[in-house]
Ligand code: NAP
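The chain below stands alone and is given in structure tokens; this is the form predicted on its own.
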Amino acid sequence: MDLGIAGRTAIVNAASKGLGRACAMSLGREGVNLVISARGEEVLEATAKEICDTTGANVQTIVADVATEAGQDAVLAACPNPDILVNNCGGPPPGDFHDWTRDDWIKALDANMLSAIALITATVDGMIERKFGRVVNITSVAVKAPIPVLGLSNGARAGLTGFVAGISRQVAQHNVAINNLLPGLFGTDRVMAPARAQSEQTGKSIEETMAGFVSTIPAGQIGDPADFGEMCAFLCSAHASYIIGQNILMDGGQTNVTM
């Protein structure tokens, strides 16, 4: 299927590895010009080269932490008028809610709520003027089914979800579609954080803990980041204008909800 976005320009944040990298790769295959950001320069540059070599896409890199205003400004300076924005930022660490301070909460909100809101606010008017815009926020299954050891993430991502529920319907008439993509367990570095936390709590090995995780997934396996990237690309496509303000689960059926 031709997604109808060749020649468009996209910002993909936290794109040096994991799900962000997969999204950038899939968009590159569709002929999208990419501006990708991450905190680590070496890995980011290697990823950009791989995407360029694999897809032929034009890739610009920005070394930045988009959880900060300075990082957001750097990305927007490089690409002030994207057609596509993929919001992604590393999640806060797991832990016990008794131990979290106000500073911990502010860091979580900056990374997983306020940074995405700031970037949407900065770019959505241009999308409206051009009558095309796609925003995909990479959040978490925790929005639907909170994960106790990831309480900081639960709270921050729920806040972003509420914001998107409102603004997405305000801008939809202008062919601007804003949605959230909710990953479950995928084969990335991030999956190890809750695994280690649960391993420490239960005394089980990492291998036993991961096997336990997989046993709760009806699909019987950890997700492939490439599949996640392809779903992201579709939500960014010309064919997704009627998908508005949705929370789309990609978790192999693990989250047992009706709605």
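These numbers come from a predicted model, not from an experiment. Start at 1 with the first residue shown and count on from there.
Below: the form predicted in complex with the named molecule, not depicted.
**Q** Among the candidate residues A64, A57, A197, V35, which is the single one with a non-hydrogen atom no more than 4.5 Å from the named molecule in the predicted bound form?
**A** Contact check passes for A64.
**Q** Which residue, D96, D103, E129, D189, has a heavy atom that falls within 4.5 Å of the named molecule in the predicted bound form?
**A** Flagged contact: D189.
**Q** Is every one of R39, R157 and L185 in contact with the named molecule in the predicted bound form, taking contact as a heavy atom within 4.5 Å?
**A** Yes, each of R39, R157 and L185 comes within 4.5 Å of the named molecule in the predicted bound form.
**Q** Counting only non-hydrogen atoms and a 4.5 angstroms cut-off, does G151 reach the named molecule in the predicted bound form?
**A** No, G151 sits far enough from the named molecule in the predicted bound form that none of its heavy atoms falls within 4.5 Å.
**Q** So in the predicted bound form, is the named molecule close enough to S237 to count as touching (4.5 Å, heavy atoms)?
**A** It does not: once the named molecule is placed as it appears in the predicted bound form, S237 has no heavy atom within 4.5 Å of it.
**Q** Give a yes or no for L19: in the predicted bound form, does one of its heavy atoms lie within 4.5 Å of a heavy atom belonging to the named molecule?
**A** Yes, L19 sits close enough to the named molecule in the predicted bound form that at least one of its heavy atoms falls within 4.5 Å.
**Q** Check A14 for me: does it contact the named molecule in the predicted bound form (non-hydrogen atoms, 4.5 angstroms)?
**A** Flag for A14 set to yes.
**Q** Report the stretch among 116-124, 139-147, 78-86, 162-170 that approaches the named molecule in the predicted bound form to within 4.5 Å, counting heavy atoms only.
**A** Only one stretch passes the 4.5 Å heavy-atom test: 139-147.
**Q** Which of the residues spanning 89-121 lie within 4.5 Å of the named molecule in the predicted bound form, based on heavy atoms?
**A** C89, G90, G91, N112, in sequence order.
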